[in-house]
Each structure stands twice: as C-alpha cells, then as structure tokens.
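Quick heads-up: it's one chain on its own, the form predicted alone, in structure tokens.
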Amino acid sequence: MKVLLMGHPNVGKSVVFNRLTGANVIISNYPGTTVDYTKGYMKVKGKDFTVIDVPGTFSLEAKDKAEEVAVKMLEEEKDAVVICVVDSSKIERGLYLTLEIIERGYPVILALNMWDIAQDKSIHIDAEKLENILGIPVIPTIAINGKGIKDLVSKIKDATPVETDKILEKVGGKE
C-alpha cells in the first residue's frame, strides 16, 4: 500500500515524512523532469507501506512543473491513502486542496500540522468538529517534536473514501 503526503510547500510535509519513515529514504526525480520527490517505507500493524513526499501544490489545478508532478503522482496512485498536511495557522488555505482530494474519491487523513504555532497565534480549531464535518480523521500534529504522529499512523490502515454529498449536507446545514 502507498501513502501520499500532500500539501502546500512549507507546511512540514518533509518533517512528517521523516517521522513516518525514519532514515529509510530514497530521493528521486520524477521521470522526465527535474522535480524531486522522496520515497520511504514504514510498517503499520504488520503491513508494509510506501510513503511518498509529493512535491508541494496549492491545488489540483497545476500552475507549475512541481504542481504538475504532484497532480500526476496523485492520479497514478488511485489506491493510495492521502495524508493532507496543512499549516494549522493558515487552515483555510490548506482545506481547499484537502477538499479537492476528497472530491476525487481518495481516502484522506488531515494532519493539522504546526498546531503549536496556531495556538501561539490564538487560533482555535475544533478538530473533532472538523472531523465530523469532513468525515475523515483530523489529527493535530507538531511534526518537529513528534506530537500527534502516533495518532496519524494509527488512522492510516482504516482510512476510507468519503461521499462528498455528505460533507455538503453538513456544511449546508441539512444534517
């Protein structure tokens, strides 16, 4: 099985990647490009996973080569679990990409990274309510010190796609 780490540039994807895989890392260029991505491995409940740190992208509407590679990698890995890594202090920016990936039918886990920075800025995020609305696991993380990484790992094996109609009902107040 594969896990794709996706998110904007500079949200801590690589730190999450390092926490998940340790030193078992391969850096490669995507075929036909000079765009780097990193691949590593981890074991979850006795099952082997390939973890790919996808180049940063702001949306699935690619505007540069790195974003094109990110979208292509997502499209090539239809069976992957996607961990969307979001900067908690700028959550609304990261949620757009997360919703795009959910709409495409991938099992998604939302890592609210840099949780400490959001708290320092007095930004309160109700992770449980957000999880309820989105219908996906939402895990606050501070990748730099490992906080929340065990919780993130525990959700990987059970991640499933969400019906986007259910999200729209909850957001629209029809629930």
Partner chain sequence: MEKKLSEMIYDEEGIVKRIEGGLRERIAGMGIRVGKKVKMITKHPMKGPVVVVVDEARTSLGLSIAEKIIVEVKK
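Computed from a predicted model, the values in this text were never measured in an experiment. Residue numbers count along the first chain shown, from 1.
FYI, the form predicted together with its partner chain isn't displayed, but the following is about it.
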| item | value |
| --- | --- |
| Proximity of Asp79 to its partner chain in the model of the complex, heavy atoms at 4.5 Å | no |
| Contact of Lys121 with its partner chain in the model of the complex (heavy atom, 4.5 Å) | yes |
| Phe49, heavy atom within 4.5 angstroms of its partner chain in the model of the complex | no |
| Its partner chain contact in the model of the complex: Lys2, any heavy atom under 4.5 Å | no |
